[in-house]
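Next comes just one chain, in structure tokens: the form predicted on its own.
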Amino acid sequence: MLDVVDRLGAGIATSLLGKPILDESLPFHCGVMGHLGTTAAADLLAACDTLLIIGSSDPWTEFYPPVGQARTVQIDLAARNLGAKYPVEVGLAGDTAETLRALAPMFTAAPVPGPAPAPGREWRSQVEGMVASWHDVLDSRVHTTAELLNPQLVVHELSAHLPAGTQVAVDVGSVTYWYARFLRLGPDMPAHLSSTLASMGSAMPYGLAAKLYRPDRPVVALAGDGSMQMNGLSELITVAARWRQWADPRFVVLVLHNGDLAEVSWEQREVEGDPRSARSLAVPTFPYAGYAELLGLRGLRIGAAREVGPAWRAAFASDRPCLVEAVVDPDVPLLPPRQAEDDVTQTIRALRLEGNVTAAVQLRQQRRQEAHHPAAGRPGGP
């Protein structure tokens, strides 16, 4: 696939499920697309004049190029997916790897590695600028001071501590946003998500399935407090019962403890302009780290930025599964990239109705961070 990208002088954006496939440290990799994606991916799709969709049927249709802007080719094993989300000029049903190999001789060759030749060189340079801008936005966001611990920082810091071969399981909720944007996976690090099913409570059973499949490899499960109270606490009993049978005992659980069904809260504000309903969206307080200790596992509770790095080091150095309970700020916005001003205004109106000045300030701050790194201009390349 990278050979095709180099031949075309193209940029890359991935679906949520496609995140583990390619190295996100590549200077032309724009990250995950869509509502929970990056500004770079949004800019790439908004500015391209040619779109090659490979094995993806991503549902975030509002982030595809405006209809009529980009000539589009789609490759998918299932013919029913061709053109289902976006109009395509050429639809190719078949195995993506075999199809790409058949198409490769038709592409103009470019030196590998190295910049793409003209006319692709100018576009590749634009794409790398989009990625650099996103990295600046990312850095600003993870180092933003919140009233409580910034959840973006917690997930971002995990990237530097993942052992080789880690299997990652991700739940549904705000943690999915932070995973998509801020966790950088290394080589051979598969990730398991509910994705289009959007079923809360997936992280712990997915993590257990991964561990039972490869007990010699470490597992990280990322979940919110809502998901842990749905089924994760019970699944932790299974971890406590089974871990001594595993060749590698490392099973690290991150619980983002914010006392809120945060994705639902932010979605209601953004889409409907409704203020948060504490009665239906509040999550009861629970001592997650203490419960892990009660089960004979290791539990770590953190609530400050200085505690994040040491907690990750301790978790992966533990001789048994470890739960990291991060008491994080529920007011860190789940802001879609390049969100329309009308949607921002509606969200802020909802926050004012609930008297949440802190979240409104953070939303405006994130909006200014994006504005400091403006979107790309005219269509430019594939």
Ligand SMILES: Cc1ncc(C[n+]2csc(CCOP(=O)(O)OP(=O)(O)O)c2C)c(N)n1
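The structure displayed is predicted, hence computed values, not measured ones. From 1 onward, residues are counted along the sequence shown.
The same protein also has a form predicted in complex with the named molecule, omitted here; what follows describes it.
Although the partner is absent here, V264 is a contact residue: one of its heavy atoms lies within 4.5 angstroms of the named molecule in the predicted bound form. At least one heavy atom of S199 is located within 4.5 Å of the named molecule in the predicted bound form. In the predicted bound form, at least one heavy atom of M230 sits within 4.5 Å of the named molecule. At least one heavy atom of V172 is located within 4.5 Å of the named molecule in the predicted bound form.
Screening 131-139, 95-103, 199-207, 238-246 for residues having heavy atoms within 4.5 Å of the named molecule in the predicted bound form returns a single hit, 199-207. With the partner removed from view, the residue among Q74, Q167, N258, N150 that has a non-hydrogen atom within 4.5 Å of the named molecule in the predicted bound form turns out to be N258. Taking the named molecule as it sits in the predicted bound form, the stretch 222-241 comes within 4.5 angstroms of it through a non-hydrogen atom at G224, D225, G226, S227, M230.
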